[in-house]
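In the form predicted alone, a lone chain appears below as structure tokens.
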């Protein structure tokens, strides 16, 4: 039997009793893995080898993991410093030991949190004792880091690798390993003798010019073999939904608003009749800017009207907040916590001039909040802002608008719950049923703007308004149970490559 030289080399190196990976064969033969892969598939086609795909978890060191591999784990360094300081007999000062170990900042916290866990000793009121029987040279996590570096993690305890991953020292990813084994026909072929010949895998201009192509042996091509599928760029599923939302709202007669992401608190909150001592306006909930920290000026007449509404209210039945109102605070710059800042700019006439009813405006833009990350909250998110200015608007008009909007996305089971907002009355939240879990999730907030907000802006008509969550709409459409499944480090790339928004 005659075979190309690479196929003969693979056949002679493969084993009938031990499955070997393509990477291992490539190392032994000093060839590129892709070259060995092509030879293996050709041999499999001839029935000389069997190929088995095995899913396995592979690990890579992070930058922090590589640093600890070179310098030592912080807890190990702390233990060695403690032993050198005699802490096996008498406790030593933690400050002295961290200095001696060369630990500072985050490394100190890491060392302290792992020191006792690994049995290196105890820490009590700033004093560190060392267990003389501990063996830092046998630290399983240090050994696992070396195994990850060498690509030899098969014999490493899975719990140890999980611990390293939780510490951010390694990253795990699934990979497909191809294992090669000689078949009975392969063994027979070797026993009968296999002759190697040099095969040319590509036709070159030089071969054509010289005529050499007439005498060479070309390698066979398996035209039925699966080729790698190229992963090209495409529109993110969330961006698809955003663009679809814009199409729907434009189709419903709305015009799009634009405005700054970083704005004065005046436009973000004061114009919404949001009191300046409201918890949402503290540094715990907002992202304030340092440079610039304040805008130079605000429209003076509007400032006076907004200030008066906050201090005294609007009309006979409104009392305001009876609290101080500081223009310096109103001029402070922050990332907008909601895109309703665009609505106040447009309704006041400051953005594009005075507007006469009827009017319909919307935006689908980013908002920013200092929230705790969880399944339904992000630090930045798309808000679907909208409002309608007209005479004699009611809650029924608002509910009907939502039913029409969500119907475009196949969502027909919207539920409403009364709510309180400083800037709308009446107000209600919207809920949708998650298609996978069946749970209700909040998808928006809405209401009729209060006169305390509208009158200072110069609006003499009813305005119904809303802020809907773009990512939560995406959850209802795609079935994702966690916003972080749609974008971020936890995203399933196959989902992003294949998801389509076709409503």
Partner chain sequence: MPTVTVDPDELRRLTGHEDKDDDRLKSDLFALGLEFEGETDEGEFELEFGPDRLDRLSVEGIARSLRYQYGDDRGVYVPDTNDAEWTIEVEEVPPQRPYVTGAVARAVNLDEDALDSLIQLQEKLHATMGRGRVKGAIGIHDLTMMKGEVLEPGDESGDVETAGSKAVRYTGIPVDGDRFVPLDSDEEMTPGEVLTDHPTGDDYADIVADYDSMPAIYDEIGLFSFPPVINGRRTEVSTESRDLFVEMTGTDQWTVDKMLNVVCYALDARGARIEDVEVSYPDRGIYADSDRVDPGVTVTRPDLSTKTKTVPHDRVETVLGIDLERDEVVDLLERSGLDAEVTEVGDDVPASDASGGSSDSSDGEVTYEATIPPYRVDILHPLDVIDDVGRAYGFNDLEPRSPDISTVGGRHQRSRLEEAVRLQLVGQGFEDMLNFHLIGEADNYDRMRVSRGEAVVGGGEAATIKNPYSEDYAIVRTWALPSLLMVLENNTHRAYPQDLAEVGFAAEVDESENTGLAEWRTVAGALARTEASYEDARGHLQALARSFDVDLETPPTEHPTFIDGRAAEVVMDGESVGVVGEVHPEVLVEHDLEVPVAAFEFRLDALR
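Since this is a predicted model, take the numbers as computed values, not measurements. Residue numbers count along the first chain shown, from 1.
One more form of this protein, predicted together with the partner chain, exists but is not displayed; see below.
Peer 1: Could you work out which of 266, 428, 120, 406 is the residue within 4.5 angstroms of the partner chain in the predicted complex, going by heavy atoms?
Peer 2: Only one listed residue qualifies here, and that residue is 428.
Peer 1: Please identify the residue among 172, 112, 199, 395 with any heavy atom within 4.5 Å of the partner chain in the predicted complex.
Peer 2: Looking at 172, 112, 199, 395 one by one, just 395 meets the 4.5 Å heavy-atom criterion.
Peer 1: Applying a 4.5 Å heavy atom distance criterion, does residue 491 contact the partner chain in the predicted complex?
Peer 2: Heavy-atom contact with the partner chain at 4.5 Å: present for residue 491.
Peer 1: Look up in the predicted complex whether residue 462 has a non-hydrogen atom within 4.5 angstroms of the partner chain, and give yes or no.
Peer 2: Residue 462: yes, in contact with the partner chain in the predicted complex.
Peer 1: For residue 472, is any heavy atom within 4.5 Å of the partner chain in the predicted complex, or not?
Peer 2: Contact check for residue 472: no, nothing within 4.5 Å of the partner chain in the predicted complex.
Peer 1: Would you please decide whether residue 163 lies within 4.5 angstroms of the partner chain in the predicted complex, comparing each non-hydrogen atom pair?
Peer 2: Flag for residue 163 set to no.
Peer 1: Answer yes or no: in the predicted complex, does the partner chain come within 4.5 Å of a heavy atom in every one of 25, 57 and 190?
Peer 2: The answer is no: none of the three residues contacts the partner (heavy atom, 4.5 Å cut-off).
Peer 1: Pick from 139-147, 173-181, 291-299, 82-90: which stretch has a heavy atom within 4.5 Å of the partner chain in the predicted complex?
Peer 2: Every other range fails; the passing one is 291-299.
Peer 1: Residue by residue through 398-424, which ones have a non-hydrogen atom no more than 4.5 angstroms from the partner chain in the predicted complex?
Peer 2: Stretch hits, in order: 399, 400, 401, 403, 404, 415, 416, 417, 418, 419, 420.
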